[in-house]
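In structure tokens, one chain follows: the form predicted on its own.
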């Protein structure tokens, strides 16, 4: 298979130009340049790829300096592992140093040393991702020390070595994501190793776990991807207070029906995961995963709302519903309207967000004070009653409001 020819056909002209820039930078800095991992795998599968994952064998700092000059850009992110991310003309490029890794203990971040392309491929997660295409110097050639091409052809997810999940337990998350994305079954021995090593997930920081969970939201079929988390009883290994596998999958149906922003997806997933928690368990969840104040506030309000769904769904007076909803974060109400299965409750929230929350008196505060000659300290009470009357359909115009104010003034202040 002529992968270089496939590169020209699978990447668009802008992406090909970026590859040409990388080749020129490699030439100027006297390093070897490889396309690695997912892009090579996808090319072998005949899929369109828009990933540019590049590996440098040699002095990567020299390469980066040349690449910056040629592209008139700088990395948007870099790490202590000599990895660099660029965003150039809306295209992302990941550049890394060929390296070896040593894990001091399970779940730890690795210690790295520069290494050869072959050693770098041996440190990777799965055989299908341990393939490289040398693009400088020419001639173009495939580096496949672990028979990854054969596993691509066999369409199977297979671990590279027996301690892989112990070294980096996040590979368990990746095994499931790749399996559902590519529709590749997990190799029998690899599955056995997941079962053996799954408790090593507890060695990961909460931040790494939540980041891995959010990656499932970037998959094309979110429902299918997240559903895979029920395998190996993975959810309850992470947190025994997460919903049962059956309830979790049932909640995921909303990802089949609607399109959300990335932020919405993350909030919805967190709402689903915390849906069965009581207040104490929710607070522990928020603390463990170091959730932001904004997200914490939304989840706490969601927890309160969930306890009242049945009660709210039977409420009749619109103003009573609106006054109750005023106590909660608007974002919490919006997420609740998405995740709830109660149609009446969702109808109430939609009415509140689209109509009731936007209602204001026809007259401003000064006009109301002048109209009925009241003390300014009483204005907030008047406005509240005006709003409730509007919500309940008793006031539909400025003249209605004037009549209502006159009656109210007599009732309250005369």
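Computed from a predicted structure; not experimentally measured. Numbering follows the first chain given and starts at 1.
From this point on, the text means the form predicted together with adenosine-5'-triphosphate, which you will not see here.
For the options 197, 144, 125, 187, the one in contact with adenosine-5'-triphosphate in the predicted bound form, meaning a heavy atom within 4.5 Å, is 125. 129 is the sole member of 275, 129, 337, 179 with a non-hydrogen atom lying within 4.5 angstroms of adenosine-5'-triphosphate in the predicted bound form.
Within 4.5 Å of some heavy atom of adenosine-5'-triphosphate in the predicted bound form lies at least one heavy atom of residue 38. Contact annotation for residue 170: at least one heavy atom lies within 4.5 Å of adenosine-5'-triphosphate in the predicted bound form. Put simply, residue 174 is close to adenosine-5'-triphosphate in the predicted bound form: some heavy atom of it is within 4.5 Å. Proximity of residue 57 to adenosine-5'-triphosphate in the predicted bound form: non-hydrogen atoms within 4.5 Å are absent; the residue sits far from the partner. Residue heavy atoms within 4.5 Å of adenosine-5'-triphosphate in the predicted bound form occur in exactly one stretch of 343-351, 38-46, 60-68, 359-367, and that stretch is 38-46.
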